[in-house]
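The chain below stands alone and is given as structure tokens, in the form predicted alone.
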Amino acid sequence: MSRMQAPVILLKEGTDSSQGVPQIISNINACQAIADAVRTTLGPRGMDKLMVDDQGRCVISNDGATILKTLDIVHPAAKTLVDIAKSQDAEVGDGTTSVTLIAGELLKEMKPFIEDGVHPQIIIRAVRKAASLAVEKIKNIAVPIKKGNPKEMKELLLKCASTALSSKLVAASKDFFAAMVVDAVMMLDDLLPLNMIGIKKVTGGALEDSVLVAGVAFKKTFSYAGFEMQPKTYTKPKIAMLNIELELKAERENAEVRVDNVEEYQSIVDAEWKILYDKLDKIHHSGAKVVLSKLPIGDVATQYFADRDMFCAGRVPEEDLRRTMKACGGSIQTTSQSLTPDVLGTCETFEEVQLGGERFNMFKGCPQAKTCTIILRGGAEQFMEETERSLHDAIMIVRRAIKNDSVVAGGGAVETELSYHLREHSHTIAGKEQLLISAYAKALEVIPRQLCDNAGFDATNILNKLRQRHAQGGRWFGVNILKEDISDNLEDCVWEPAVVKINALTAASEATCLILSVDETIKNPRSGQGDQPGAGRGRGRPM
């Protein structure tokens, strides 16, 4: 009788658990759906996606990570692909679409093996081995750059930046933007901190009206009466950066003051004015000509400064204030007591300029300028946001290229070479690994194939040509979008930092191993809902 015991129920009722091979297959299918979502955005001829969220905001983007972040993905296994795209974006900045595609393709190639009953651990071992072989190969064939020659270095950076921009919306003016991005990154100090490049968007004007300001620029904040009288340009001004409110407090803090007669009330008001004027006098005597504050500067103060030929701006965003401090020296003060010369910043020229419908405060010729601001112009809001994302990718690429000075050819060249290398290597191994490594090799061809598909070329034909050239030793041959053929992409200056490819391969392989190693998903019913009356099948309905 002991065999007939009741089943042991461990999990709460309503828990959904599926396991075994069908579970792995379903996870693979979900990941392929994700890869299909970004598939068509790859490369110079890639299309863009328009995502509309539940509030009706729309985002138009070509950036793999942005698209995946915006999509609300529920499937647990598919989220790993979103994560690798995010990590690629954070680490290298570009190649987010490629990393998702490679992972999706790897899973697709491994699917038949799973269906045939090969154990996932064997596949995982082979994928890890293939990935390390591929990374090793990239390191061997990457072309190092001579850093000694600044002119060569700059040209390399320009090529990398324009390769990164060629697949974006702004591809038409990529030379203009590539030069701007390289100049911007060159202005930073050795650590190349990203937050020292400010990107401000002003609607109106053409894309080519965008400018790079060597220094800090930010929007004119809300201003009070008296502002019109302030001068708008200064040379070598002293700049005071404050975190104090310079305005009269209305008696609104629910403070109760009992007074017997009008004189006493007057003395309270006078005291308040005196406090304000004391602060203003101190600022004036410090010799500062430009006063920036994170908190509001009221109309009395604005007028006071205007009378003394000083410029002030209140409610300056914190990041802008911090960048001003970095560029102009000085430090942000929280009291007006100790405004000594060493806490004031300075710059060559300060001016307020009208850009489109906005007034901009610009600080140029900063003594410690390790910061710059790109002011983007353009028609539609979404268009400018996408431009900002594209520039972010290009800036990251330039930073990577400065830090790691080896490049490989883009346009599917490096993937085809790795594919050829792994395929050759697989012939030297016995056992199941031979099939698995050659499947990995086949999966890498998704990049050149997708580049052809997106441009409307005959992918099979071009891939056959590519395989032939790589087998004959044409190491850097990749797809040439302009000629609908293959060409030596190293000579054609389609360059990418090697670290982009290394990161993409390791992340994609990791994700593949992760998804293949999961054989059961246990989904808990949403806690809290089942317990409330009225949720689920309650409300007195028969069960």
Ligand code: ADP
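Start at 1 and count along the sequence shown; that's the residue number. Fair warning: this is a prediction, and the values are worked out from it, not measured in the lab.
Keep in mind that the form predicted in complex with the named molecule is not shown, yet the notes after this line are about it.
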| property | result |
| --- | --- |
| Heavy atom within 4.5 Å of the named molecule in the predicted complex - the one residue of Thr302, Gln450, Thr373, Ser167 that qualifies | Ser167 |
| Site test, Thr163, Ile481 and Lys501 vs the named molecule in the predicted complex, non-hydrogen atom cutoff 4.5 Å | yes |
| Contact test in the predicted complex: Thr66 vs the named molecule, heavy atoms, 4.5 Å | no |
| Exercise: Gly345 in contact with the named molecule in the predicted complex, heavy atom 4.5 Å | no |
| Partner contact for Gly474 in the predicted complex: the named molecule, 4.5 angstroms, heavy atom | no |
| 4.5 Å heavy atom contact, Leu516 and the named molecule in the predicted complex | no |
| Options 410 to 418, 306 to 314, 288 to 296, 151 to 159; stretch whose heavy atom lies within 4.5 Å of the named molecule in the predicted complex | 410 to 418 |
| Partner contacts in the predicted complex for 68 to 102 (non-hydrogen atom within 4.5 angstroms of the named molecule) | Asp94, Gly95, Thr96, Thr97, Ser98 |
